[in-house]
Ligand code: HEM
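Shown here is one chain on its own, the form predicted alone, set out as structure tokens.
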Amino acid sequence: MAVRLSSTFVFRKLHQLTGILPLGVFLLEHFYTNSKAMTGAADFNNAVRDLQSIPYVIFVEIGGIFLPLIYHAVYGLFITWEMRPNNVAYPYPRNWFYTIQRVTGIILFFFITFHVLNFRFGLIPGLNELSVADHPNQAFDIVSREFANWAIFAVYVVGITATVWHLANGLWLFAVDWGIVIGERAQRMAGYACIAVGLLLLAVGLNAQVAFIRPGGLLGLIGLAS
């Protein structure tokens, strides 16, 4: 007997899937590339140049990143519009996590839009207005000049923190909703694992950000940067 899936079920599953793959890959690639700043401008510039040398890179970005992220963001806003928070009546941790997931989704909608328009295309008036992708030889200087502005630096701290939370909690939701972890104990252990992954990613992301304005990033302060 054939099982007929509702459009809402399919849309929500696609929303979860596009959040894990584009957002996860987008974040990991960025953290890896940005971490090159720890060892100096030349290494970061070379990493940006290598990315831009990928054949048909614009089509890879559109099909593999931008379109899935747009779908995830727009459908996520639709879910947020429909949600009815019950944190006050039922102040359980998962209820708070659900609300924070929706709030970080709204933050990410604006943050990723700003980030892409700013560093990928150089289209934010009043800032550097040079695209990192189009000027790989100046990439480190472009980013470091903007991060020297503490308002921009603070925007990225908030954006990175929201991104990491959204991904780490999204991984747990994905594992539960897709039946990868079943049972209360397994879900609890998966939750601890996602928290650990989130804290690790947050440390890596913030360290890479600081590396643009301080040699070696936060690790450079304690002599652990190579």
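This structure is a prediction, so every number in the text was calculated from the model and none was measured. Throughout, we count residues from 1 along the sequence that is shown.
Absent from the display: the form predicted together with the ligand. The rest refers to it.
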| message | The chain here is shown without the ligand. Which stretch in 131-139, 69-77, 145-153, 114-122 comes within 4.5 angstroms of it in the predicted complex, by heavy atom distance? | response | 69-77
| Any chance T163 has a heavy atom within 4.5 Å of the ligand in the predicted complex? | yes
| Taking the shortest heavy atom distance, is V157 within 4.5 Å of the ligand in the predicted complex? | no
| 4.5 Å heavy atom contact, V48 and the ligand in the predicted complex | no
| query | Contact between L171 and the ligand in the predicted complex at 4.5 Å, heavy atoms? | reply | yes
| task | Decide yes or no: are R12, L23 and L167 jointly within 4.5 Å of the ligand in the predicted complex, with each residue judged by its heavy atoms? | result | yes
